[in-house]
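One chain comes next, on its own, written out as structure tokens in the form predicted on its own.
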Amino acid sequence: MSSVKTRRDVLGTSALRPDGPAKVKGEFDFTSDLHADNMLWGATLRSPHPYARIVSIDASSALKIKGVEAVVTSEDVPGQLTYGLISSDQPVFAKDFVRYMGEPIAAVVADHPETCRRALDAIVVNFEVLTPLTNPEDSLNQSVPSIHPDGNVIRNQKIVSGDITATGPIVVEGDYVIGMQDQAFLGTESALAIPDADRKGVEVFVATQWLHEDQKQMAACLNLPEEKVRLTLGGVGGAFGAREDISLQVHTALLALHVGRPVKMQYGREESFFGHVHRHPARVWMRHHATAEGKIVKIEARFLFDGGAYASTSSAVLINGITHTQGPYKCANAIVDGYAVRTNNPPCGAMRGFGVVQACFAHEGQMDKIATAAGISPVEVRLLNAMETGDALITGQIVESVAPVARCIRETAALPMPDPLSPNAHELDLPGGSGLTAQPHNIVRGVGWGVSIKNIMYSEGFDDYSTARCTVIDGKVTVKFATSEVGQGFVVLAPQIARSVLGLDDVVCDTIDTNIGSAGSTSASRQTWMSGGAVDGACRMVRERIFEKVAAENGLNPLSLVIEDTDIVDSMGTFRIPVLQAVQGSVFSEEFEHHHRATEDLDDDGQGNCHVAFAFVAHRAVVDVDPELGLVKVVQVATAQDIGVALNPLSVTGQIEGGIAQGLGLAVMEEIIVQDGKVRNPSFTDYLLPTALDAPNVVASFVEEYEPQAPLGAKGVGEPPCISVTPAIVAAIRNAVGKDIPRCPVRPQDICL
């Protein structure tokens, strides 16, 4: 009877998170849990007005409060006065004008958070209140005064493709509105800054998505060399794009350097709503021309994204939106015009699937209108137009990625439907839930579809790369990277890669900090491809060194050696030795920088290979609606997602379920209400989030087709789930009530009135 060796946690297995037990037990150190000896607290003074001129700032009363160490304003910023991800247009502290409600004006440092609060209340700021620019359409009017030195229009981009005079017997159009959504991560912003003894450098522990980008922007504002601003990733309680932009990083470091003591800053929930960017609210007009059978002939579209007061990633959001106008469908002819503008509304930037979420809501509404006009089903119209590998986008770019669009649609359609609503259904299974506001006999069920395409990684010529190091000492493997772990599970995947490549089980992740080259941002569904590729490359280089050592010691050809399970084997002979034995007493260390293929900017007509790769997904939503009360219960979401290969099936499932919950929120409940530039619901009391009671039954199918362009054959899975589930849910509501609902989130009055 032969024994079979079993190994855990290699690629393809559902490895468990190393940080999971501590989080479940409440023992995990989030950034907000950090503490340092002799630590002070910092806090930010924010504008109550969306637009005003600052006449004067008087901090004298605040400085008299016992325990207050300092108050800093724009006058105390030693370096560059502004920062920004793409355009450095946002002040560290407002100087002459405040341009949105919540903009930082000053910061205090004191011995206790309560002392900070009293100090903030004591600072006197005299404002000349101005009329805010809040309608993004007005930002396009050249006669409207500019609210920013860089102008009101952040970017305008057109796409002109094929025959713009083409038409068809079916013409459908719609004007679609998408509300402002918050990332609503559970762990609010927090940072701890510890100055060097000579105050010529600082170490910052922070929850962020991109350590090296923060380092670059902070160093410029602090007037320090980048190597003197050392960042370590603190425990992160979610991100979803909101931690790409700097929030309290510069303020915390500036205060620490100013007083020469460690300083901690932490936002409460209300301040968090003002302290980070949100999903762009948008208005999208589309007109589709199609044949009588329902095949798309031409698309016309206009996009208007409200970027708020500062640019953040608005130009990239715009490009993602307009280049995904056609969705995952064939289309030869198009004319698209897109704008991203400044207003005195809160700044907007990255949020899961940015730009594509807005485009998908519009193009999926259009697909249903084409189906109705052609007399075919929502499934048939999507299959008729489904994109394939080798098709061209309206930008002229050829889709080289595996594009199993039709398979995603068919596999989703084949997934089982939920049981009909029982006449004796429990109240928690009804719209309205425990309030018992709906009765089963009033409920109407609807089914809706959504299908999407999502670009993966950064676009338009961005030199994207990720760095990783692999070190093996006496059989113990350490992988080092600056990849921000924000909950997506890279700290699970990296050891899986190392175990699979090296045949060694003892793998740990080193501290995530700036003591290695950049890993880029944990966004754009890029880290599996980019940082996974970097870890894979570094481990393969170490494996080559191990093979060279074994070959030299045993008179073998290193090119003939392979790893089978935990043994090194000569594929040309009978040699076999355990990897652990081969590496004892030795040290191997290699660093690898992984780049993807080049991309390019769009030209004036919106033509160019601006994206790297694409992923696809289909969603079918089943909803129960009470048409009289305007209440909705999302019963089921079925999905088949193009994932390349499942490197960790459990993680993939978690990403799919989490993304669907976020898309559900945008569909029926989540919206930041802004009136005259003022946020009216900056709390989880008034900003509604899905709970476990709102979660639908998710039925998922993995569409696994190896992606040859990807280093591990896998595509990022984090963003696609939240893109087309929103239009699928809204389409199901339309199907239930028979109304054209052109906005999300859907409100009760959109159903009833």
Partner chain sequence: MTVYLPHTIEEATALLEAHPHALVLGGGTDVMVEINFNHRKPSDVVALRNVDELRTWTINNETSSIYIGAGVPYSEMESGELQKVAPALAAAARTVGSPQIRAAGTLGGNLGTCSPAGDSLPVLSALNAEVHLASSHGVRSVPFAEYMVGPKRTSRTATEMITGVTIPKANGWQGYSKVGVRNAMVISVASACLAIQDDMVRLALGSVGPTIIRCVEAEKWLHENFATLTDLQPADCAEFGRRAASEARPIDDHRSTAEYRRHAISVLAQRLLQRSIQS
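Numbering follows the first chain given and starts at 1. These numbers come from a predicted model, not from an experiment.
FYI, the form predicted in complex with its partner chain isn't displayed, but the following is about it.
- This chain appears without its partner; in the predicted bound form, the one residue of R117, R302, K330, K158 with a heavy atom within 4.5 Å of its partner chain is R117.
- This chain lacks the partner; the member of T471, T653, Q439, T372 within 4.5 angstroms of its partner chain in the predicted bound form by a non-hydrogen atom is Q439.
- The putative spot formed by G174, R410 and D740 is not touched by its partner chain in the predicted bound form; no residue has a non-hydrogen atom within 4.5 angstroms of it.
- The closest non-hydrogen atom of L689 lies within 4.5 Å of its partner chain in the predicted bound form.
- In the predicted bound form, G433 approaches its partner chain with a heavy atom inside 4.5 Å.
- Proximity of F684 to its partner chain in the predicted bound form falls within the 4.5 Å heavy atom cutoff.
- In the predicted bound form, its partner chain lies within 4.5 Å of some heavy atom of D626.
- Per the 4.5 Å heavy atom criterion, its partner chain in the predicted bound form is contacted by stretch 440 to 448, the sole one of 440 to 448, 567 to 575, 342 to 350, 203 to 211.
- Of the residues in 734 to 752, those that come within 4.5 Å of its partner chain in the predicted bound form through at least one heavy atom are, in sequence order, P748, Q749, C752.
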